[in-house]
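Only one chain is shown below, in structure tokens, and it's the form predicted alone.
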Amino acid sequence: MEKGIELARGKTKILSELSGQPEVAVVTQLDVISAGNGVRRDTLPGKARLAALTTSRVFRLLNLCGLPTHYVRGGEDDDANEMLVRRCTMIPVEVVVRGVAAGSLVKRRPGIAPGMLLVPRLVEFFLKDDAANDPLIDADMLVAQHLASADEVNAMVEIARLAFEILAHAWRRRDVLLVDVKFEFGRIASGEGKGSLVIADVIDNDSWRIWPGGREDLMLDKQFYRNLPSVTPEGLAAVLERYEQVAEHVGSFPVMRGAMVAAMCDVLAPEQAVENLARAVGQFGIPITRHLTSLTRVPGQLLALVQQLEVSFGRVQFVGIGDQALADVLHFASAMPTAHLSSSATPQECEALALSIAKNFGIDDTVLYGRTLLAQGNGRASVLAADASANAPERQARLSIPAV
């Protein structure tokens, strides 16, 4: 990447212009590790490569799930530790989502035992101020100090919680517990989506606590470096080994597993039902294959199709469209999940079934899990927006009954 002038320099990375493209910037990772706001600082050859790999793969996962980030491309093996991002005006706070009590939380709140599961997840804001040691700040103060609007604060909380659950799911599939994670947010500086709130900066092995098997003593994150009594070559080698393990794990995070919906349609069923279902599952990125059959006329063909599809696809969801008896036969003929959809199913019923299918696939597919969370979040938001509109003063005034 042909870089222009340097825009900003942090403890472990540099932000530069991309020549000829003012709407994007280049993040270059450095072979530096630090702790205590730079009090402890060491050179760690190879860390930049691993940090770039980890960050790019985490952002690609979040993008695939539908969350807004500033990531564009790069960070892979041939990119010289560089990643291309949309330029943002950063909000000077760190948003920390905690799923397990650890670190500064248990020091500040003695009533919370170390290792306690936190449900719902705890979201905290820390002002980015090295001189003041990044103090805790509440949401009201963020708004009062004009660092973010009330809507932006709410959005940061919602997006950060979703991102935490997505990353927790990805780590859980590898028997690793995500304890907490730090996010930063920015507003797109120019071009399409100008002013939009996105997850920005980096998310690498310095950003979270991760405990394999839920055991703190097996930690793979930067806390291991913080805990070193003194920094030695052997200690730094052990740190780098952990960062290598994390980058390897994260390499498979953005991979969506193959899945297929097999719509088995009764020949008498109208086409509209399967079209609505195809549209609904397509919103999750799940492909669909359609087959016309008949339980009464060609039962042998139906069973042969089931066997063929089971062999062809590692994960398949059968949907019997039409008579309930068709779905019943699928249920007993296949070891894969099955469902029934009426010929007269509405688009809303198809969307509900598609969400259920995505949930099933999402058990061991982090991309689909994240898309499911986002769909559920959008559904909640639409209800809340409708409620707010219904209770708006001007609407209430129109609906009020005048006194007689």
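Residue positions are given as counts along the sequence shown, with the first one as 1. Everything quoted here is computed from the prediction, not taken from an experiment.
The same protein has a further form, the form predicted together with a small molecule, not shown here; the description that follows concerns it.
The shortest heavy atom separation between Gly193 and the small molecule in the predicted bound form exceeds 4.5 Å. In the predicted bound form, the small molecule sits beyond 4.5 Å of every heavy atom of Ser149. For the chain shown alone, His331 is not a contact residue for the small molecule in the predicted bound form, no non-hydrogen atom being within 4.5 angstroms.
When the small molecule is considered in the predicted bound form, Asp134 lines it closely, a heavy atom lying within 4.5 Å.
Exactly one listed residue, out of Glu82, Glu165, Glu94, Asp266, brings a non-hydrogen atom to within 4.5 Å of the small molecule in the predicted bound form: Glu94.
Screening Gly103, Pro212, Gly235, Pro287 for any heavy atom within 4.5 Å of the small molecule in the predicted bound form leaves a single hit, Gly103. Between 95-103, 267-275, 321-329, 252-260, the stretch whose residues reach within 4.5 angstroms of the small molecule in the predicted bound form through a non-hydrogen atom is 95-103.
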